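Heads up, the chain below is alone and in the form predicted on its own; it's given as structure tokens.
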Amino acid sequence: MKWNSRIIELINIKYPLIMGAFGGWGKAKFASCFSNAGGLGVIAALNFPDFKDFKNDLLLMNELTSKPYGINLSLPHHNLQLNDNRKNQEKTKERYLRYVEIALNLGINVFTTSGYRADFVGRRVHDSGALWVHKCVLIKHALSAEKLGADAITLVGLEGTGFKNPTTQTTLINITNAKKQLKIPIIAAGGIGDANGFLSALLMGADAVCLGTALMETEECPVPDKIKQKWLSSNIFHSSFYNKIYNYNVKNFMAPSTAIGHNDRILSLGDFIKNLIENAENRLKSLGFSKDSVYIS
């Protein structure tokens, strides 16, 4: 089947799949595999404190894939609060914009942001004709980013991990309500890791899904196999796991999300995405869908 959606048209990717921004792991060797498999691979700029290393990784990415990919900038709340020292704010913004300039000079045209409001990044990105996608967990923040000019929104539900808010809603509530309120494309995130979750997010109103934790058990994820095996044996229904995911606690910021429960073995990233898409297409056929293309609207 040929897949199409507003996100696919906007970014020119094969499938409506966006790679999460991995702190420590989101680098060219990992991200290029996601792009080559048909999604949008994402390099996390803050994995490179040295700007030369960042540029070199982008050059490596260009050698490893000819497919679209994006750059993520996760903005720190503590350095950009309105009541923070203005000098500190400007210094932080200057550093972030330097990452942007390096990427723009190499022809990259998709930038994702998360954490704090990132309109200063969005303005520079738009000045160059590139795309700005902002990631948030609350619909009110999504609406704010849309007003500030974001081209698309990644909306993370409670089932996800990483950046959260004490009032985060579930993926189901986030996406179904965001579809009613947002005009720009929506990327769903939070607990998605198999064909059923992928299709469900699209039916709820998403134009694409963002995969994070589900990719952590693939061969290309740069963590030791013994850790991957530990994740594979995780019981997502145990109270200890529940408390890490569903109770707001900054100490559990990097805990795997509930999507860890979808995998039963380590696969290559290419096989993981191939299986997800094939299973989704078979599921559509079992429901009576007989067309050769899928347009998500």
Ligand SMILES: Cc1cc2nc3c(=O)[nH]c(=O)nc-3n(C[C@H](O)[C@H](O)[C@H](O)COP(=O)(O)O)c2cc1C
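Residue indices: 1-based, along the sequence shown. Being a predicted model, the structure only gives us computed values, none of them experimental.
In what follows, reference is made to the form predicted in complex with this ligand, a form of this protein that is not presented.
Ser74 is the sole member of Thr92, Gln169, Thr218, Ser74 with a non-hydrogen atom lying within 4.5 angstroms of this ligand in the model of the complex. Per the 4.5 Å heavy atom criterion, this ligand in the model of the complex is contacted by stretch 190-198, the sole one of 190-198, 118-126, 98-106, 173-181. Not displayed here, this ligand is approached by Leu211 to within 4.5 Å at the level of heavy atoms in the model of the complex.
When this ligand is considered in the model of the complex, Trp25 lines it closely, a heavy atom lying within 4.5 Å. Contact between Val133 and this ligand in the model of the complex is not found at the 4.5 Å heavy atom cutoff. Within this chain, Gly160 lines the site of this ligand in the model of the complex, having a heavy atom no more than 4.5 Å away.
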